[in-house]
Ligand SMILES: Nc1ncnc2c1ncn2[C@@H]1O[C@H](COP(=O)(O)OP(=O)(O)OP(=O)(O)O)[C@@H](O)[C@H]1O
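To begin, one chain is listed below as structure tokens, in the form predicted alone.
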Amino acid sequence: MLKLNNITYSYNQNSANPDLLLQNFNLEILDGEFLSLVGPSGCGKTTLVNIIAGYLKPFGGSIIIDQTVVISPGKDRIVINQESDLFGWMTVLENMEIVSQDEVLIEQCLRLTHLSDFINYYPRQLSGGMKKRLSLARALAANPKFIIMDEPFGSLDNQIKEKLHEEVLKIVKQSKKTILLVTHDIEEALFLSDRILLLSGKPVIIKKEIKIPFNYPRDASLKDSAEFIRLRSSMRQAINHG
């Protein structure tokens, strides 16, 4: 389990009047959970990611993983973001070998992400969806406890994104990793998550918690169901009136 306890953060925290982005903020992510943070641009989602990843040090409070306080980046947390994090001069296999020398594990991760036939390709030879699958495969090969996704599908067109949602969901559920997704896309969060937290305000608060009632596996037809449409409408209203 990952916990944020009373996290406080400001970009001008040394000022006499700091403009607080986070103040006594608390959050729990359960083992094996797919949790999404949803909120408008500028509400502090990426700042939260950077604090959890250890890239930013909070002004106050603590980050606790399995009862241990963490104060820096670690191999137990991997971040996948919107921009490509692949090394363009390396093949698919070489990109994987950056994080692991375990040939069996690498093959398992590439097979899971349907990239086994592309080990000698360079990132420029892959489609946008394949690049994202490679980023996920590499994250899995690093064998972290937590995979943090910060708007990972934002640069993809809707058709590719919808297909990738189904593939990623199957992969992460098979891997049994704990996933934190940060997104402004309501439909994406509803389709992928076990639980969603709607963020609002400054300092940031958790405005609403939504436990997703849909079973796994899920496919695109779920988005046409009455319950999915109802939840999507409810989330939009909550955000728009925030």
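Bear in mind that the values here come from a model prediction, so they are computed numbers and not experimental data. Quick note: we count residues from 1 along the sequence shown, nothing fancier.
Same protein, other form: the form predicted in complex with this ligand, not shown, and the subject of what follows.
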Exercise. Which one, 37 to 45, 185 to 193, 210 to 218, 60 to 68, holds residues whose non-hydrogen atoms are within 4.5 Å of this ligand in the predicted complex?
Worked result: 37 to 45
Exercise. Within 4.5 Å of this ligand in the predicted complex, do we find a heavy atom from each of L112, Y122 and E167?
Worked result: no
Exercise. Contact between L21 and this ligand in the predicted complex at 4.5 Å, heavy atoms?
Worked result: yes
